[in-house]
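One chain comes next, on its own, written out as structure tokens in the form predicted alone.
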């Protein structure tokens, strides 16, 4: 059964009636462009054929109740009583976060019964939280009134989901995950500009396949080092801004600015260890934006070797300059790169655990999958770029 079919069955069993709406949203696999989105940078994700489904129906009393086949404890809340200062604990905070964001925007969020199913492993670096928020947000919006799901309304939904995750859930994520879930294009990656929110499809050639290897190391970006990396990137920008005020984000910085940043930190009396760390964070973001541009060009001409080299450079930078890899992820990258037909591999997502994404020659993908799955606790799977979020069923 698909997640949508399981969600409908779970709704029937839990609430004793049929749902009126089923909404689905994909997970995200980022090919390249990590820790750039919160500095207005470039990313190249695909919406994956791993999905979260939400079955929903009206409920009296204005209360939203959510149950899930993945988690044992249901959550319920009045959307008007939610407060970022006192968030719901556990998985339910993501459901409450999007409800809070929609309510705060002026939407009359209706009372609703919700049942959730997913085949996106939580904490695997494939953005299960964004898929959940987008699917719930789409269902609640549709129940609140007529919504034409064009590109503009999908962008708005992505913005509300990011707001809920940032302000209510306390996760300082960028815009990539929600935009990828909303705007995904079947068969293509998305070149996303996280400052302008423009999205350009980049078709994946048929002789290249995407494989995700789950390390089994779970992460939680609200408690891992992710907020610290954001703070360090902001600190690097602030120091650079004392000499180059026209640089409004590290997206605007160029390699020559790294010398200026070093000088600014030295003039401010920053300890040597801090200066090395902040310059490294800035260097990664500057170089990663360049790699994303080159990667989109490589995919466009079907150049798997160049794309793979850029992916490996990205992983090395995330390990050495940004400090978000782990020994387990590093070992997976090395194991993948040692196999025939693998052009490149890198951690995907925020790091501190999760998954590795590999670009593999399609003709050898079955052998690659078998070799990697043999020793992976979380397994390896072929990922097909899919479309974005959608309402699958009304009435």
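Numbering follows the first chain given and starts at 1. Keep in mind that what you see is a predicted model, and the values were worked out from it rather than measured.
The same protein has a further form, the form predicted in complex with a small molecule, not shown here; the description that follows concerns it.
- Of the candidate stretches 45-53, 64-72, 366-374, 344-352, only 344-352 has residues with heavy atoms within 4.5 Å of the small molecule in the predicted bound form.
- Put simply, residue 95 is far from the small molecule in the predicted bound form: not one heavy atom of it is within 4.5 Å.
- Heavy atoms of residue 33 reach within 4.5 Å of the small molecule in the predicted bound form, making it an interface residue.
- When contacts are judged by a 4.5 Å heavy atom cut-off, residue 133 does not count as touching the small molecule in the predicted bound form.
- When contacts are judged by a 4.5 Å heavy atom cut-off, residue 173 counts as touching the small molecule in the predicted bound form.
- Screening 100, 160, 115, 226 for any heavy atom within 4.5 Å of the small molecule in the predicted bound form leaves a single hit, 226.
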